[in-house]
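Okay, so here's just one chain, in structure tokens, the form predicted alone.
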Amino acid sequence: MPEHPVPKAGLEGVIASDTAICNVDEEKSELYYRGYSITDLARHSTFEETAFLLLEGKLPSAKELKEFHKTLSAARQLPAEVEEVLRWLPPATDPMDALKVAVGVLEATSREADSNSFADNRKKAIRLISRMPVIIAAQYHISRQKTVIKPRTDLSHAANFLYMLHGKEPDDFTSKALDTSLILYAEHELNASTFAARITASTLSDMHSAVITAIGTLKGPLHGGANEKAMEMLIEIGEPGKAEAWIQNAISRKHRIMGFGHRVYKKGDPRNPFIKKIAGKLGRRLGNTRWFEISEIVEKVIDREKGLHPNLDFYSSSAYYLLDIPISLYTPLFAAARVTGWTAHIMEQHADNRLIRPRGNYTGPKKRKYVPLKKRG
């Protein structure tokens, strides 16, 4: 039997695929979308422009961006079947499960559902990017027996979600805060959900099926649920004066502190400075700096005691809380941003496909002789 390399737990550091979409520089702790630094994109871009970049491989011209925005906003209206199915779900349905169901219904209503051509995949990608935030807001209201607020085509991607969630048009600062967070969450190389989506796509299954796979993977608390758990922790701490003792106690009990550390970044997440700045500004603007103050103390203690740095999820939690986004929607909103990267990777996989089928390192018993049932005693 041929020898195989000893596998690394969790495939850590293993190169599994070529990709032209995203580059994570481990040594410098830098992140690039299609060659553009996340620093430049977070400072200067919009979610719509970033989505175009990820799907098309280049930054759009002014004309292209205007047309893309028009196409994206025009696709916001959900098929009637989607809203009908959401109403059939039990009110207590997990929003991530509702999102999987809704994406499945979107597939059933798509004329291009089974086509994996680039043109048809692009159409499906735009509709998924456009409609996932609409689904999240609609399901939130339906689960509470409230009226669904219809999407508007004159608002940006971020502003429309906040409008549908709260029933009022957000101001520019609030809209930009969410917009920047969506840029930061939009793509991150072969993370667990993206890799899962590529595995599904490699079987030549369709885009919707691959996205449903990704949503299911993101639902796991070690991938997508950290921002929710981080906010629950901040609420439990309650006030800055209790933060250090709370964290010291959690460390002594070997309790996992969510929102810290990263499989790839060892020197700090390059997205963290931007979301931290947003969280701080939101707190000062709203006259509620409690969560930011607690977060900074937690960050200081974790760095001192564990040598770990906050990842994107940590300060996203309090930023979303100050944006009045329900905690149960943090992970679905992560999905609504990351679907941009998922669909780009699915199209890349379909364009140059080979079935992803790794080997396993067998650790079970050696060859054994079968004993008939009557002789086993």
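Position 1 is the first residue in the sequence shown; the rest follow in order. As the structure is a computational prediction, the values presented were derived from the model and not from experiment.
Note that the form predicted in complex with ligand ACO isn't included here; everything after this is about it.
When ligand ACO is considered in the predicted bound form, only one residue from A75, I257, I212, L165 comes within 4.5 Å through any heavy atom, namely I257.
Checking G261, P95, P270, P151 against ligand ACO in the predicted bound form, a heavy atom within 4.5 Å turns up for just one residue: G261. Remark: of stretches 30 to 38, 307 to 315, 341 to 349, 51 to 59, the one touching ligand ACO in the predicted bound form is 307 to 315 (heavy atom within 4.5 Å). Contact between A226 and ligand ACO in the predicted bound form is found at the 4.5 Å heavy atom cutoff.
Ligand ACO in the predicted bound form comes within 4.5 Å of a heavy atom belonging to L222. Proximity of F334 to ligand ACO in the predicted bound form falls within the 4.5 Å heavy atom cutoff. Mapping the unseen interface onto this chain, K266 counts among the residues with a heavy atom inside 4.5 Å of ligand ACO in the predicted bound form.
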